[in-house]
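In structure tokens, one chain follows: the form predicted alone.
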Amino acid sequence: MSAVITRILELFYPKYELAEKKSNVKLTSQKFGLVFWLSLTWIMIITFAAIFADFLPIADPMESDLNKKYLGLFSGEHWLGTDTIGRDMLSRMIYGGQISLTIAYTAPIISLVFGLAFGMAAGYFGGRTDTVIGIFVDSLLAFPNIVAVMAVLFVLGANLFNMILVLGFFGMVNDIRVSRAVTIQYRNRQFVTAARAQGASHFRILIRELLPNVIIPVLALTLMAMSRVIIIEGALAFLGVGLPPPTPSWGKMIADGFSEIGYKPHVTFIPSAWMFLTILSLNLIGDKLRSMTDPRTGNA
């Protein structure tokens, strides 16, 4: 697994390969550290469970039994207990991951694509292009993300497609800023000047020369954006603006059990802990990859 990650970094981020050769440091699991691998393992487990939820030997997440509501941990066949109307918590956590992880894996990709396009255009062309895109970014920053998302979902309707689009749109600010900064750093390098001298078009320079150097720092940022959209989706569900019931999601599960937090706290704490571990894992993975591709950290 270490060799695969190393090869990806070498293919898309030439400076990483050069730094490794200069230091003659062989990449091993110790390079990433135990925390990185534990975080990656958790993300892989919950992703696998969400994808293959229909094939796992778990209860129906929609099936309720009022005679079994508020069961505690390890209550017979209900390993994580039951919720307010007797539905299995484990199955709802797994099926809820289908919603939360779908948003986490798709909305940041939208932000990444548009953020790279706008940010690289602003950094490469400068002038009026940079000014216009800068005003656009400032306009997005003028509205608190969660308030803007709530307003848009209220108008367009709270469904999965609209939520992905609106979170992807309002999440592109950081991608624009980072890609713009890295593009400015590279736009006057010798390999770009040589490409211009050979008659390469602006599009070719942006795609062939600049994109490989810009994309890895932005990808590392995208992992952290994944945790951010999970938080926003959870907050929207908690506020009652998320996906309508009975669709399970982590934020909706937290909201459902909040009224009984003093009586049966596990109904709220279990989805909260599940969400916390996922967000923490994504942040740790993203921070590690960012530090490895940031020359200011010495690739340590």
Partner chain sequence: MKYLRGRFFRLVPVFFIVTFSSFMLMNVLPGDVVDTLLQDDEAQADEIAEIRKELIIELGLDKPVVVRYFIWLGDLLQGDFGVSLINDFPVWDQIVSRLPVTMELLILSQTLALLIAIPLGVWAAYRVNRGVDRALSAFVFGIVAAPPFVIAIVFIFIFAVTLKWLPAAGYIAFTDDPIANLTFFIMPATVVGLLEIPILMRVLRVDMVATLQEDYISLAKAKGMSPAYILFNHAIRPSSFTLITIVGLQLGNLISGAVILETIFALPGIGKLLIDAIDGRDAMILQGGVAFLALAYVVINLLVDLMYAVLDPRVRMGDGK
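Bear in mind that the values here come from a model prediction, so they are computed numbers and not experimental data. Positions refer to the first chain, counted from 1.
A second form of this protein, the form predicted together with its partner chain, is not displayed here; the remarks below concern that form.
(request) Consider the chain as shown here, without its partner, and state which of Ala194, Ile207, Val113, Ala151 has a heavy atom within 4.5 Å of its partner chain in the predicted complex. (result) Looking at Ala194, Ile207, Val113, Ala151 one by one, just Ala151 meets the 4.5 Å heavy-atom criterion.
(message) Using a 4.5 Å heavy atom cut-off, which residue among Ala49, Ile58, Ile231, Leu40 comes into contact with its partner chain in the predicted complex?
(response) Answer to the contact question: Ile231.
(request) Report the stretch among 210-218, 96-104, 141-149, 196-204 that approaches its partner chain in the predicted complex to within 4.5 Å, counting heavy atoms only. (result) The contacting stretch is 141-149.
(message) in the predicted complex, does each of Leu34, Ala53 and Ile164 have a heavy atom within 4.5 Å of its partner chain?
(response) No, none of the three is in contact.
(message) Does any part of Pro265 reach within 4.5 Å of its partner chain in the predicted complex? Heavy atoms only, please.
(response) So Pro265 counts as contacting its partner chain.
(request) Answer with yes or no whether Ile254 is in contact with its partner chain in the predicted complex, where contact means some heavy atom within 4.5 Å. (result) Within the cut-off, so yes.
(message) So, Met292 and its partner chain: in the predicted complex, are they within 4.5 Å at any heavy atom pair?
(response) Answer no; every heavy atom of Met292 is more than 4.5 Å from its partner chain in the predicted complex.
(request) Give a yes or no for Met275: in the predicted complex, does one of its heavy atoms lie within 4.5 Å of a heavy atom belonging to its partner chain? (result) Yes, Met275 sits close enough to its partner chain in the predicted complex that at least one of its heavy atoms falls within 4.5 Å.
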